[in-house]
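As structure tokens, one chain now follows by itself in the form predicted alone.
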């Protein structure tokens, strides 16, 4: 008699590839979020004080730049 091939072997290969796709997608998401957070940190670090100066320049009464930068 000829032995029958079980379809379970094929299902396991399909499930394994789907699981690896999910892991690679999760890894990609993690790498992307890490990259984005690093860039956001740099942008915030160098952009905060200029943002405050721009907001101060557009407020009423309109101060001069040296008035915004002086500690008094």
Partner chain sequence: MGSSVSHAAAPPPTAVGLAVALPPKQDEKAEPKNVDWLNLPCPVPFEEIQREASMSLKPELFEGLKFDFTKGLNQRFSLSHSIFMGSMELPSQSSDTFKVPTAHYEFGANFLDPKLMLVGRVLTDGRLNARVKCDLTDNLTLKINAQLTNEPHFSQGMFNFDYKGTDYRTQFQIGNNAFYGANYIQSISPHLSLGTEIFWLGHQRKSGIGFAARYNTDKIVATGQVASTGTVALSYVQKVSEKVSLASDFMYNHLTQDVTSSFGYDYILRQCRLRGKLDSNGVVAAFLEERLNMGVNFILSAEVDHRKKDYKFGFGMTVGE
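For clarity, a rigid core is taken as the largest C-alpha set superposing within 1.5 Å between two forms. The structure presented is a predicted model; accordingly, all values stated were derived computationally and were not measured. Numbering follows the first chain given and starts at 1.
Keep in mind the form predicted in complex with its partner chain is missing from the figure; the text below concerns it.
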*Heavy atoms within 4.5 Å of its partner chain in the model of the complex: does residue 33 have any?*
no
*Answer yes if any heavy atom of residue 41 is within 4.5 Å of a heavy atom of its partner chain in the model of the complex; otherwise answer no.*
yes
_Is it the case that residue 45, even though its partner is missing from this view, gets within 4.5 Å of its partner chain in the model of the complex, heavy atoms only?_
yes
*May I ask you to state whether residue 24 is within 4.5 Å of its partner chain in the model of the complex, using heavy atom distances?*
no
*Within 47-61, which residues have a heavy atom closer than or equal to 4.5 Å from its partner chain in the model of the complex?*
48, 49, 52, 53, 55, 56, 57, 59, 60, 61
*By the 2 angstroms cut-off, has the C-alpha of residue 59 moved between the shown form and the other one once the rigid core is superposed?*
no
